[in-house]
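One chain follows as structure tokens, the form predicted on its own.
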């Protein structure tokens, strides 16, 4: 985001919340049909309210199409809310756009946004000019960021030779050039190998330790559980749960999860799993050559033998009974919230 040489006056007192959303709504109209066009009103975000404290790492989780990116785009002033209000560091995202942009950085997952044929150093020099960083401080600021993201000593190499993890860390350095108070990380670890993802998580921890406020979106539940101070789950445009990772896991804490790896399970066998009176939910995860069923119950591991009997002649691989994780809590929330037709579609997808 570009920075101005003359910033508006800072509010008299630092706001308690670095980011605030109050009944935030974003809707739009589209059309369906080919011969007979019908106007369709779509609500992408349907009145969400939350606050992120200064210095907090806040996770925003949800399935594709839930409204995560739309919410972020409103908060970083790229989309106007249909109704409701939002503030960043006390500044209104609609009425005080420039003040908001001076105080935020935005980093997204993927390979876009860097110039491959020049070095990381030249990339950062270019974006420092673009963001209006004072020339007297550019060299020192770039050196600090290269150290922060672990690219010191590699800065003169062309970006086209960087690994995906190195590119993502360079993205973060670029987003921090103007020293924003708030950083938005939109799925920054997507597509990274385990080593690159671990290095990126350490970089994110360093940002929070240095006093930054971070809003993180991710599809990796273990990442959210390890990093985030608090988490909000958004589904079908609404916040359906909010709290610490422990708070969310507590919603399924009294359950046992039985993971059953199957090969060629029939619809009838799956229905028999669901028919067990002590089964709360059955979700599936399709793999290359097998299908993993996650069966939730409140009866403990003793249900395992009944579940295996219900699968009949289905070929079985690994069977594991374990305690619930954040991912289990998340899957349960998504399966039981949202619009009725969406819930039906999700149920059908695992039958």
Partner chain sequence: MTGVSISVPAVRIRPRSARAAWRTFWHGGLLSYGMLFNWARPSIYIPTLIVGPTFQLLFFAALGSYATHRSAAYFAIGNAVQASAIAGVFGMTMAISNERWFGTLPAILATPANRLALFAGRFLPFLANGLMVSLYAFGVGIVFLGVRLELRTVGVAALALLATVFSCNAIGALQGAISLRLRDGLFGANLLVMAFLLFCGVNIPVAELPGWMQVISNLLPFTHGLQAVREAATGAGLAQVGGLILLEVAIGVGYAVLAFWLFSYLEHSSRRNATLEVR
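Positions refer to the first chain, counted from 1. Just so it is clear, the model here is predicted, and its values are computed rather than measured.
There is also a form predicted in complex with the partner chain; it is not shown, and the following applies to it.
The candidate stretches are 256 to 264, 225 to 233, 92 to 100, 272 to 280, and the one lying within 4.5 Å of the partner chain in the model of the complex by heavy atoms is 92 to 100. The partner chain is not shown here, but in the model of the complex it comes within 4.5 Å of a heavy atom of residue 202. Taking non-hydrogen atoms only, residue 122 approaches the partner chain to within 4.5 angstroms in the model of the complex. Of the heavy atoms in residue 325, none are within 4.5 Å of the partner chain in the model of the complex.
With a 4.5 Å cutoff on heavy atoms, residue 247 does not count as touching the partner chain in the model of the complex; it lies far away.
None of 129, 268, 157, 193 but one reaches within 4.5 angstroms of the partner chain in the model of the complex through a heavy atom, and that residue is 129. This chain is drawn without the partner chain; in the model of the complex, the residue among 252, 86, 177, 182 with a heavy atom within 4.5 Å of it is 177.
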